[in-house]
Structures are given as C-alpha cells and as structure tokens.
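Consider the single chain below, provided in structure tokens and representing the form predicted on its own.
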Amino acid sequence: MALQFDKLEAQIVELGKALAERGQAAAEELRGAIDLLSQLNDLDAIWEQIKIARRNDAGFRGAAPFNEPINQPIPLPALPPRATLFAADGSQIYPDLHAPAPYWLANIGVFIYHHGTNALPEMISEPQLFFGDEDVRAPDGQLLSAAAINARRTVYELQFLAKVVSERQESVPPLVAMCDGPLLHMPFGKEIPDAKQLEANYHEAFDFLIDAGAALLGYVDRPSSRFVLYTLYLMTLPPEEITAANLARVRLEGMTDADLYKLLLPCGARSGMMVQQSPLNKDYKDRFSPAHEIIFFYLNTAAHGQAPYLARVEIPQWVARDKELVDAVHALVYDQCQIADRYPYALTRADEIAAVQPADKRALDERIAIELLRHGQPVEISQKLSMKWRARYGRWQGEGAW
C-alpha cells in the first residue's frame, strides 16, 4: 500500500513551521554568541573563569586558549616547498557467530604522500587476523564487543603509523602523520579487556612519533563539538554562580562551534589553538606527559568561492609548541583538502587501502573453512549465513565441500 500523503500534508506544514521558528531562534542565539566571542580578547580572564570552575568542581568541558587569541582568524601560512605526509586509516571485520570460526580482523592502511617532489606515493597495508580465545573472547566467554574491537583497531592504527614513520624518519621533512578522527579518544573502560595495556600502547606510539620528529594530527571532518560555546556561556556567569548546576543549564539550540567559526574564518584560515578541558585530556597530560596533551583548532577547508566548510584538527602539545610545525600542519592539511574536495587527499587514499569490503569477508570465511577442512576439522556455518549467501550471491563457491 502506498503512503497516504494526503493524511500527512497538515503534519508536513507543521514541521516546516516548527523548523523555521527553531531556525530563527538559533540565528538570534548565534548572533549573540558571535558578539560575545568578539569581546573575548583577554586570555587571562578566560583562564581565571576556568580556574574557578575547576576549584568549584563544576564539570566544565569547554575550551581554554592555548597561546593564541580564540576570536581572530589566523591566515593560511606559506606552504612548505617539500614535506612527507603519512596518512593512516583502519577497518575491521567483527567477530561473527555465523562464521565458520570465531575470529576478527583489523586492516590498517598507510598512504605516503611526497609533497613537492616527483616521488610516487607509497601504499602499505597491514592485515592482522585474531583467532585465539584470549584475542576473540572477553573474560565472560562472550565474543568481544564492537567497542572492544574498535579500541584495539584504534591502537593498532596508531602503532602501525608510528612504525612506518619511524622506519622512514630520514624522509624529506617536515614529517606529518595524519589519523582520521580525534586523537583524544574516549577512555578504554572496564568493558574493554586489557584496557590499561591498550592505553599504554597508544601513548607509547605517541613517544615513537616524538622520537621520529613527526607532527601527529587527528582530522575530524564536519565537527559537532561545542567546546567554545561552553566557554562563552561560562564567561557570562559571575564567579559565585559558576557551579555544576548552572553549567548544566546551558541550551545551545542546535548550534556548534563550527557555526561560529564559519562566520569568522575565511578560506584557508584557522582559529587560535585551544585545549579541551576534560578529565581525559588532563589524564593524557598528568599520567603520560605534558607533550601528550591534545590541542585543537578549527580550519576552514573550503576553496575560494565555496561555502565555508569546517574541520577540527587535533595535535599533541609537542606539535602545538613548535610554531613552524603548526604552520606546516595548517598549510599542508589545507593543501591536501584542495587536492580532494575539502577533505585531505592522503586520508582518502588511506581509507581506500584499509577498507574491507563484504566480498573480502566472504572470501576470508571461505578460505578459513577450506583450511579447517584440510586439517580435518568440522566446519559449521549457521543456516542463517548459508541462506544469506545463497540469496545474495547464488551458489556458494565451496558448496558441496561441506
């Protein structure tokens, strides 16, 4: 039966009216936020409010200025004549109850781009298959959760990136190591086995990149973060009203920091560097090293004539304290976004290298099944998977071998 649009017409009209009203309210809120941001020239005053929030244990999660104004655009610097960019991405096959055997797979891809030279790009992939009980199952005997697999893949991704950079640290400087996504990851919680070891491995990879002299960055496309907006709200409170209850009352009408900086940053410009105020970032700094604290800035990756398009670029403190490295990151990331369409070309290629397609999983399952049979092991796949294969792909290549 077709959808009866005549019964929806009145609701569609109401939807349009409600969204229009919401948009008008958000526009007014945004104008007020922009006016407030334009007045925040005193970095010490911002820090004083943040210190009060810390003393009051107010749960503040906004942004603090690092060493630059946060309300002025920083123009695009000159592009380094030569550089070497290492971009990493990863994908995975999760454990599957319907597969011939319990396993999971991580595939990490690294794309090396030689900026300013005639050298051809390099492509490296590193697939890892995990099948031992200790690698596939949690302590309760259940297959590892998607969250646990994602945490492991994130660590392997950074470890492999650090390995590749370290093996090629004699490449043309500056060396820039790029990851897709934030560097400030959620903590590895109790639901993730060996969380402490994973965390240690993650930060050890940071240290390898420091030793290699590389500028590490995490690239967040179309960020929805509101760190600066929370700071703006904090600045409206008198000191005696900086409490957890008052900070929890902030309502942002769907706004994000990107909405602010789209109006402030011309093409190629970035915001000032900022520090996210969170327990996790403090943990990076206090437990591991001040060099590991994560700093970020917003960057307008649009070309001239395009609508503003914002990314958030995260860098560790060891990069943020080196102005030449920051300028190199700024210019090279923007240049990469002009090769592709407002997204770094090298990260696009790393994703292509790392991506595991459904056909790859099917072929891997078939090879595992054949290998099990070769060793005289019984092979069982669920009827559900068997029927899916038949429906989607026709007769399975190994049919009859069971």
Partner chain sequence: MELLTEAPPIGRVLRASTTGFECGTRSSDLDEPRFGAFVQVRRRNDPTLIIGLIYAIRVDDDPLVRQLIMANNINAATMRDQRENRMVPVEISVITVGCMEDGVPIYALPPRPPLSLDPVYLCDDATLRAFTQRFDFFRLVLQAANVPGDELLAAALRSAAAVRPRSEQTPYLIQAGRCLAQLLGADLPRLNHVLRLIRPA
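Computed from a predicted model, the values in this text were never measured in an experiment. Positions refer to the first chain, counted from 1.
Just so you know, the form predicted in complex with its partner chain exists too; it's not on screen, but the next bit is about it.
Visitor: Only one of E352, E28, D57, D35 has a non-hydrogen atom within 4.5 angstroms of its partner chain in the predicted bound form; which is it?
Guide: Contact residue from the list: E352.
Visitor: May I ask you to choose, among Y103, Y230, Y113, Y156, the residue with a heavy atom within 4.5 Å of its partner chain in the predicted bound form?
Guide: Answer to the contact question: Y113.
Visitor: Among 361-369, 61-69, 331-339, 46-54, which stretch has residues with heavy atoms no more than 4.5 Å from its partner chain in the predicted bound form?
Guide: One stretch meets the cut-off, namely 331-339.
Visitor: Contact between C267 and its partner chain in the predicted bound form at 4.5 Å, heavy atoms?
Guide: The answer is no: C267 has no heavy atom within 4.5 Å of its partner chain.
Visitor: So in the predicted bound form, does N150 come within 4.5 Å of its partner chain, heavy atom to heavy atom?
Guide: Judged by the heavy-atom cut-off of 4.5 Å, N150 is well away from its partner chain in the predicted bound form.
Visitor: With the cut-off set at 4.5 Å between non-hydrogen atoms, does T117 touch its partner chain in the predicted bound form?
Guide: Yes, T117 is a contact residue.
Visitor: Hey, in the predicted bound form, does I210 get a heavy atom within 4.5 angstroms of its partner chain?
Guide: I210 lies outside the contact set for its partner chain.
Visitor: At a 4.5 angstroms cut-off on non-hydrogen atoms, which residues of 222-246 are near its partner chain in the predicted bound form? List them in order.
Guide: The stretch does not touch the partner at all.
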